[in-house]
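We've got the same protein chain twice here, in two forms, each standing alone as structure tokens: structure 1 and structure 2.
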Structure 1
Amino acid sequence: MKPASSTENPFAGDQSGIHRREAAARRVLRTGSYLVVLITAAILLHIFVKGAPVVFQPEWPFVNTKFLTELPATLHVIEDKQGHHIETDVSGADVIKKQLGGNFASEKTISHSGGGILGPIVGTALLVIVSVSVALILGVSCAIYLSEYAKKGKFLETVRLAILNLAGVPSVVFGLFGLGAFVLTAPKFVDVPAERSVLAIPLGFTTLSFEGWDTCVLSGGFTLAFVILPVIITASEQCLQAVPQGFRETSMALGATRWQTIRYSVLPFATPGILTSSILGISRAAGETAPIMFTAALAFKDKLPWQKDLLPLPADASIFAHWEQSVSRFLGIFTESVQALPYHIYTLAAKIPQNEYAERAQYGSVFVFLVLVASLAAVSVWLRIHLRKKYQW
């Protein structure tokens, strides 16, 4: 509703001052909002301008595949006597030096700045897979309880309070928790329990020893799972609540049990929404650094997690041995430390020199990271709109 102008309202005084004040206040408020938008845009633009040239290139295939498909390596920069700089890796360095012969002037090496960032991308993907699976299982079940089963009472209150508080716990405290719980005390099967084992339960053929998983994808993934658990629970509960009450009543009226109602009349309609919202969890898990610092991340690793030199099996090995090896190769992926994108960016930001070569690696990684996170967010927004159109009740 607009304030009446002074000509129409004989009781109103001169309001031109008010109008001016209104306009000024509006401008101040608008400035505040646009300031945030502008700063965000400026930061993103800065990263884009510096990072995009690293990832994209003017000629086919327009994307710097090397940067996306190689592992991080030391960059060798060779200078010839004319002052030309040639960038190469360790194996290229000797060849180029030989070619240059007497023209060779100097060589310098910059760690972590050569090659690409495939290792960190893969590591982050693995961490995300583990953490999101764990968090989804726990979070969705929790949400189902909260939305479908829970009755008002002490227990429900406690759970809600816990979720709220869990969301506020600093990420570095999760890191400490992960270190204490998963790296140092989680249970595993061993032949001989280590000395630091808290508790060892002999099972005959093996021993269940509470001695921790060491730093590995599993430890990091579980830690991250608890970081994103509140996000997943809240989002899932909202999706479950959004399913109209009538669906449940109809199902119940037809004689279905509560579980059947949930299984056939609630979950199918909530699942798309839950999955969409869990993308938010993914981007949070991918971006956290402090929880994986002590539980999973590594500064340098020259192999992808699944590349392992396992002993070749003898020719007459049984199928079981082959099977066992493939299983252990697969599981081995999760029991090793990995490089992760956020930690890689931390290494690049704090531990290597600030020069034009390093800057490329830094902004390139940051750009790729942001593009990944942003596309996840965009997908989530798009899906949300799309689903809203699809399910209308």
Structure 2
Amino acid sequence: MKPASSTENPFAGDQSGIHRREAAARRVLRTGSYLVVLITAAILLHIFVKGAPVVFQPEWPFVNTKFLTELPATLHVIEDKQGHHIETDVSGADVIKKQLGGNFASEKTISHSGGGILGPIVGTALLVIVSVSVALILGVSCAIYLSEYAKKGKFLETVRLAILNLAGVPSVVFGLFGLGAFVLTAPKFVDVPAERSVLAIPLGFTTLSFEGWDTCVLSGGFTLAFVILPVIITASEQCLQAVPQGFRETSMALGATRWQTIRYSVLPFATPGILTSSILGISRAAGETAPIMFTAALAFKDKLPWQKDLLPLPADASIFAHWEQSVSRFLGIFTESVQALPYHIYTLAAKIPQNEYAERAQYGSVFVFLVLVASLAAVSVWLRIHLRKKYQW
């Protein structure tokens, strides 16, 4: 009989079956991970192959500036009797048909497939700015309270359960919530309340009327803020709890108040992680379609938000009048309906008959959308790394 090796455990028994099952589980998990990576890479590669030729071109300046700097428009495709196709807009269609004369064969129009996507890009940026700003203020404030002030008990458990439930609500429900809460009943100051006003409170010089903000950037931004709020609260709270307790104890031992401790000894070290949560929030807010469909987005808009028509001022208007008009134009940006890239892509895919021209606009929009989201995420990651190097423990 072969003596047992000194390194073997004589009481371990036969471990060969356990080892085989462990190796099989490891192979299954590794295969699943590789499969996820391959599927993601295949999707990105497909979008790149289809969308990059729309955005880039072989000649200088190597970027299709028309696609990025013009508003969406109806594409007119004119065919002559030799089978040549000429793409133009509504203003150039008549000119080309006159030039062709008897050589004109047919004309086809494709909605939203001409021009560019400047309007959806601007609308998406405004919605993301408003939603992330509101969600960060509310989310970080809530996370600070839950992590630093709230006492353990049923109330704290109820709040955390509500946050988890909020994260599981479908986005279309958020859209209906935003329609009722912000589009139809949100308060605003007016001279004369609308008929649909739920409640009007006279204030002497004006009236606070609960009649909603209509479909605009504010309504869509606040709705998206509630969509991404659970992500930001949860991630921010975990970042705050990750800061060593000794930082708090040392600060308070030196005479600092609770808020001073949070402000100078906790928040700076939690900021890199909070920026990570903002990355997730930006990606989620920029990609939502259902909430903005009810609250902010339009399928077509021929003007940018700041190109609102205002009454011209008289020649002898004062500086205050010019300043007031400038403020009104700026605030009007947030009270205008906008286009958004997710809704624009949905319109091209679901509302427009599929053909090579609509497909080109679809993939070009998706490609630009992915690049914008990736760029925002890259900036946030860079800020997180920079702050993490600055605040180390």
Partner chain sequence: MDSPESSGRPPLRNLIVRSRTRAVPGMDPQKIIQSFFGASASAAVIVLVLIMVFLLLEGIDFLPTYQRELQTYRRAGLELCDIADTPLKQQQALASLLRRAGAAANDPQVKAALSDAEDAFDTAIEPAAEVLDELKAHALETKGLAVEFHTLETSRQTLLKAAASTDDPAVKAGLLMDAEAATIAPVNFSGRILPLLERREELAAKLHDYTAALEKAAAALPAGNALTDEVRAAMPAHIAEVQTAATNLKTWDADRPVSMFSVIGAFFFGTRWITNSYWQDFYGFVPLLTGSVVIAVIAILIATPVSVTAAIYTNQFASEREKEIIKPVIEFIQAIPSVVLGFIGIALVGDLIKGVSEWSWLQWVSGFPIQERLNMFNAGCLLAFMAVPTMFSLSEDALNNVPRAYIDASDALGATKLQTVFRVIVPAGISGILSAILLGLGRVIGETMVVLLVAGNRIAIPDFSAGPGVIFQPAHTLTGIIAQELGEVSRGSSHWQALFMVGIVLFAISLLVNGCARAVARRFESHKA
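Not measured: the values here are computed from a predicted model. Think of the rigid core as the biggest set of C-alphas that the two forms share within 1.5 Å after superposition. Numbers follow structure 1, counted from its first residue as 1.
Either 1 or 2, the form predicted alone: Of the two, structure 2 is the form predicted alone.
Cα displacement of residue 180 between structure 1 and structure 2 reaching 2 Å, rigid core superposed: Where the cores coincide, residue 180 shows only a C-alpha shift between structure 1 and structure 2 that is less than 2 Å.
C-alpha of residue 328 off by 2 Å or more between structure 1 and structure 2 on rigid core: After core superposition, the displacement of the residue 328 C-alpha between structure 1 and structure 2 stays below 2 Å, so no.
Shift of residue 101 between structure 1 and structure 2 at or above 2 Å (CA, core fit): Yes; residue 101 is a residue whose C-alpha shifts (by 2 Å or more) between structure 1 and structure 2 when the cores are overlaid.
Following rigid core superposition, Cα shift of residue 92 between structure 1 and structure 2 in Å: The alpha-carbon displacement, core-superposed, is 2.8 Å.
For residue 27, CA displacement between structure 1 and structure 2 after the core is overlaid, in Å: For residue 27, the C-alpha ends up 5.3 Å from its position in the other form.
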